[in-house]
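Just one chain is shown here, as structure tokens, and it is the form predicted alone.
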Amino acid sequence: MVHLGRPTGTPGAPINVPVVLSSTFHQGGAIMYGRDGNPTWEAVEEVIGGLEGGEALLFGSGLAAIAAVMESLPVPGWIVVGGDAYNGTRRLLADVAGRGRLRFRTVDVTDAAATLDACSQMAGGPGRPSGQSGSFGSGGLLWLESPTNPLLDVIDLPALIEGAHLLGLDVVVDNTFCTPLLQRPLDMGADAVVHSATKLLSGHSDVVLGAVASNRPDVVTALAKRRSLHGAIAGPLEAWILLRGIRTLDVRLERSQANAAELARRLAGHPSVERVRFPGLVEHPGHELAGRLMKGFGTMVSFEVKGGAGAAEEVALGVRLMTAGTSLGGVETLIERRGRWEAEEHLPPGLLRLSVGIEAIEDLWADLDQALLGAPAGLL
């Protein structure tokens, strides 16, 4: 994280990679045109690939990375995806499926048997031992997140990856919430990992970027071709900002996780709160599984307030230190009612999602407490 992606350590050389602002390169080298590569990208890709245990590719956004994976499937492709998957993933699937390019089925991925049953009903290829594969996605794709967004369910990734492989499917894991510091899905057998690098990897809410990592050369080659042909590339300056941000991922994650755990504990005892969803709480259904598969419980906390959608909106708009905003992973704490967005209407009406930052914990709690007590449910 700190030492990868550095220039060669010769006397007088800079310790930081420069921003290479060029669209064109001299012929005869590895890069000839700016849509195919950039030295600043390569530095970021070295870091992310090293952290995930594979080879990484940088994209212009998280959704660009997701779209590149989906566009690599044969037509019509098959995808099984969690019903609580990232909103953008589900909306993209609906759009692409609406044009006949793929078919997909949503499932409750916390139910491993039902998930694998849905996989077995897909038009897949023959079963294969875990870790071996034919053409990527030719037998279908299982798309997973753990924890899920925003209900924070924890998924038995190794079991689902192995089961999907035996049924002939490839597996992609969105690792945005955990980052490779908390879990490494490629080590569990996943075929590819995607990230919204906008979030924790960058950590400062100032760039929009995405990444894919894989330890399968065929997948990396296919996605690099997709990136070049579709033009979903990152700007060199944005790549450099991401590289600078990722250097401090470990210390940011440590502080944010500690804050998230403490806020979750206090929220669980608040009179205006109906339910707290955080894998670090012993009462969370996935607590034991998260403790076994993850190296920490993450920076996200979801909770339901009494009084439904109206009360939740009052809390989100009533904070003074926190920010009502729709992202996550920055050094500042964000809060929002997810049910206000398209394709999130199935969520509990009083659900709020917190992306916990690195501020002083007592300041965060004082702000959240006053917002909760000011909401209609808090006045009961």
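Remember, predicted model here, so these are calculated numbers, not experimental data. Counting begins at 1, following the sequence as shown.
Omitted from view is the form predicted in complex with a small molecule, to which the following refers.
| said: Given that the small molecule is not shown alongside this chain, does F177 nevertheless sit within 4.5 Å of it in the model of the complex, heavy atom to heavy atom? | reply: Contact with the small molecule, yes.
| request: Spell out, yes or no, whether the shortest heavy atom distance between D170 and the small molecule in the model of the complex is within 4.5 Å. | output: No, D170 is distant from the partner.
| query | Does the small molecule get within 4.5 angstroms of any non-hydrogen atom of H284 in the model of the complex? | reply | No, no contact at 4.5 Å.
| message | Can you tell me if T198 lies within 4.5 angstroms of the small molecule in the model of the complex, counting non-hydrogen atoms only? | response | Yes, T198 sits close enough to the small molecule in the model of the complex that at least one of its heavy atoms falls within 4.5 Å.
| request: Flag this candidate site as yes only if S61, E145 and L328 all have a heavy atom within 4.5 Å of the small molecule in the model of the complex; otherwise mark no. | output: Yes, all three are in contact.
| field | Region of this chain that lies against the small molecule in the model of the complex, out of 161 to 169, 206 to 214, 92 to 100, 68 to 76 [heavy atom, 4.5 Å] | value | Correct option: 206 to 214.
| said: Under a 4.5 angstroms heavy atom criterion, identify the one residue in F136, F104, Y86, W240 near the small molecule in the model of the complex. | reply: When the small molecule is considered in the model of the complex, the option within 4.5 Å is Y86.
| request: Quick one: from S272, S302, N149, N259, grab the residue that has a heavy atom within 4.5 Å of the small molecule in the model of the complex. | output: For this set of options, the contacting one is N149.
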